[in-house]
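In the form predicted alone, a lone chain appears below as structure tokens.
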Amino acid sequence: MLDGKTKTGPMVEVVNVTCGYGNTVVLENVSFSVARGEVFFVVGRSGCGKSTLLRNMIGLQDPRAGEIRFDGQTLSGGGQRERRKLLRRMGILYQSSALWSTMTVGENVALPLEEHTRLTRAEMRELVAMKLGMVGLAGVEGVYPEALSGGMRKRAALARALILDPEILFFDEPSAGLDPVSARNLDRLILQTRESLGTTIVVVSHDLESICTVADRVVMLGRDEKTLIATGRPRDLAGESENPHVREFFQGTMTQKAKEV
């Protein structure tokens, strides 16, 4: 995906973004960047605007103000063709997994190939099998989603998100609805994906265990402030943030982790 060239600069830039619905402003003047190959978390308490920001970042909604750039290109600044090209470079794992119940796992995973490529059926089947193998689901192409556990559905959805070899992956509350073991297995899979493919990963989550063990860096959104209130490494924020709400949030993360060691 790098076309033989070493790229520099951030993979994602959120620049003075304001977003909301109708007459309601959810977030104002939010700015941060995500480095290439980074596992980056957007965190905060319920109602702080994490999901709204994600919708803006993946192109489901345009910011009211500001810009969101991918590899230096503005998602909302070009025409539909340029926008489509940018979106093709992304993979998205939705909170609900968003697998079509009337289609087999293999058919679900193949959907982006049918939409964006001209591969033959045989070539599609080969790629689907490869991606399912990467996420530990080899041989389930003919199974329907309802026959899978929650953790397996998440992995199938991840295989679909990876099918076009995206440069950046977005995860919306990936551990939601999972038992602790399945959630930690998914954490390991996120790290393996970054290590094996060099993918930049952005995760929206409230899972304290994931935040502590997976994130390279985080931004925290404030529900009352309606903007970014902290950025950095979770461990640093737990001990060094001047905001008592930020320290409390991340100290809880560290304390929970320490009890499990």
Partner chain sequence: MDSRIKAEVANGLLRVTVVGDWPLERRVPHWKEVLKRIRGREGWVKAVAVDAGEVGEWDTSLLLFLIQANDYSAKRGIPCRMERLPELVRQLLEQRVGDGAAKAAAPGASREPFFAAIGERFLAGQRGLVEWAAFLGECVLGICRMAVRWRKFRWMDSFSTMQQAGAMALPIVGLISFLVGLILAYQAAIQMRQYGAEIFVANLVGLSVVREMGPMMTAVILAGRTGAAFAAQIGNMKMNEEIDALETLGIQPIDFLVLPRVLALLIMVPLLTVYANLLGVLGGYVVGVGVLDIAPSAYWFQSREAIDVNDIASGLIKSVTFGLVIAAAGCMRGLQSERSSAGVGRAATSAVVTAIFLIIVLDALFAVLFEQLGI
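Residue numbers count along the first chain shown, from 1. C-alpha atoms forming the largest set that superposes within 1.5 Å between two forms make up the rigid core. Here the structure is a predicted model, which is why all the values come from computation and not from measurement.
Although not depicted, the form predicted together with the partner chain is the subject of the following passage.
Between 36-44, 51-59, 214-222, 192-200, the stretch whose residues reach within 4.5 angstroms of the partner chain in the predicted bound form through a non-hydrogen atom is 51-59.
Among heavy atoms of T120, none comes within 4.5 Å of the partner chain in the predicted bound form. Remark: P112 counts among the residues lining the partner chain in the predicted bound form, judged by a heavy atom distance of 4.5 Å or less.
Interface membership of V143, defined by any non-hydrogen atom within 4.5 Å of the partner chain in the predicted bound form, is ruled out. In the predicted bound form, L99 approaches the partner chain with a heavy atom inside 4.5 Å. Within 4.5 Å of the partner chain in the predicted bound form, a heavy atom is found for every one of Y94, H116 and R160.
Contact residues in stretch 14-31 (any heavy atom within 4.5 Å of the partner chain, taken in the predicted bound form) are absent; none meets the cut-off. With the core held fixed, P166 shows a CA shift below 2 Å between the shown form and the other one.
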